[in-house]
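Shown below, as structure tokens, is a lone chain in the form predicted alone; questions about how it binds or moves come after it.
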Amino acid sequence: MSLTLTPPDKMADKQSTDQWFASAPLTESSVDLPDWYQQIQASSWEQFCENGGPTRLDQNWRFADLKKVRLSGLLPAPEVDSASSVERALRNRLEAFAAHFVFVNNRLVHSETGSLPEGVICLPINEALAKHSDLVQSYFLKEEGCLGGSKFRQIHAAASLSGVFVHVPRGVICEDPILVNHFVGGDSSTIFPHTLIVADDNTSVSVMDTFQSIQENEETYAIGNVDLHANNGANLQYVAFEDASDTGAKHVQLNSSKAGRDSSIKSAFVNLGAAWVRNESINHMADSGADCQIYSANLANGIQEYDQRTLQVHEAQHTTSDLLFKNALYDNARTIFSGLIQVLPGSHHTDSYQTCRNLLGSKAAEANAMPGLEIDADQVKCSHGSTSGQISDEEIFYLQARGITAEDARRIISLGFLNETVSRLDCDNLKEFLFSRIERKFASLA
């Protein structure tokens, strides 16, 4: 009798070839899509079919649970009754907003744009592809770098998309945020949210995407992409709020940012829901004075896993960036952070920071962090670091001595820990909304 064992790397390669989709996940469109976009869809589907998925030999997937990554038998999300989802979105939105879009299973079911400043283009992505083809083409999926999610990027580019295109013309200030809700429901149902924001010279705009499940405990998938472009002197803020079902839902989001001269981009991930989340964020400081700030606040419990990979690329002199990721973990939850600051040759006088902090609320929780630096220029100030630990007994005793129970003391400390990240965002209404949702999840844990 003989027994042959498959090496772990070969096993990963074999399993990664599981068929995700039987055919390109396309749905009927009410608009005529431009030829250049249809060519991207066709070529991306070919690449998706040819390329394998992540393996254990890929450094970009180090520490990841590849059993959660392998997806098979996925389906384009079907049309469903959207009334309850729209009601939830309207009931739980910010009081002040410039526009509001609700997508249910990849379909637009509600929109309000009456408070947008004059000249701002804010349309569903498919409508923007038809009406503003040349403008969208100039910015659509231009990120060539990859932090391990090429397979997801290819299927996203081949699919029918939901989401919005926002273009703010020169000198326009959009005071209130633009809100976008994405709902997904039905076992194996997959949506493809896409957000493309272009802020021209001396503009200001803020956008928040919210991701939610229609029903609890369904195996649903969201494979999204976000492109942020801030031209000279622009201020752009983007927030991705993940609040899907803690069990079953999986979410992948590939973000890219490009900041021009004297511009600023703030991007944030707030992850409270979903069983598995993969966030990738590539940030380019492309011209002098460019600044990118990347924030994340994550509250994980049960068997949730949040996997986040970042890259800060300084391409010019006198650029700055700041990254602060905070994770609060309970039960058997896991988080992974891998970040790199890259200062290219000639990018002198760079000022860049990268910090990941993990608060462990149970002995079974696991936090992995891999910060890094790659510096090829002089006269730079760069630092990176990571810390992991539990709430100290001294902090608990201090609050107990003031009449606060130990359980409430832990909740207060954990809330303050995560809210430090959220407090760095702009727009008080948006921050209060996120504070309340984080507090609500803490209450559910108790």
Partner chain sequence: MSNSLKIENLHASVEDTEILKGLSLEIPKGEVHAIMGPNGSGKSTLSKVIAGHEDYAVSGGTVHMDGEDLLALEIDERSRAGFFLAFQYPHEIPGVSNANFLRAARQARLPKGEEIDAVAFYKEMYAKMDELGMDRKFTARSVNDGFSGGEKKRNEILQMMMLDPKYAILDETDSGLDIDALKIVAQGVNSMRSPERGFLVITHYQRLLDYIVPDVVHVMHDGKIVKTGGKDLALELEEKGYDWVTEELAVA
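Residue numbers count along the first chain shown, from 1. Given the structure is predicted, the values throughout are model-derived calculations rather than measurements.
The protein also exists as the form predicted together with its partner chain; that form is not presented, and the subsequent description refers to it.
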{"property": "Contact stretch among 46-54, 403-411, 64-72, 32-40 - heavy atom within 4.5 Å of its partner chain in the predicted complex", "result": "403-411"}
{"property": "Contact label in the predicted complex: residue 419 to its partner chain, heavy atom within 4.5 Å", "result": "yes"}
{"property": "Non-hydrogen atom within 4.5 Å of its partner chain in the predicted complex for each of 139, 140 and 175", "result": "no"}
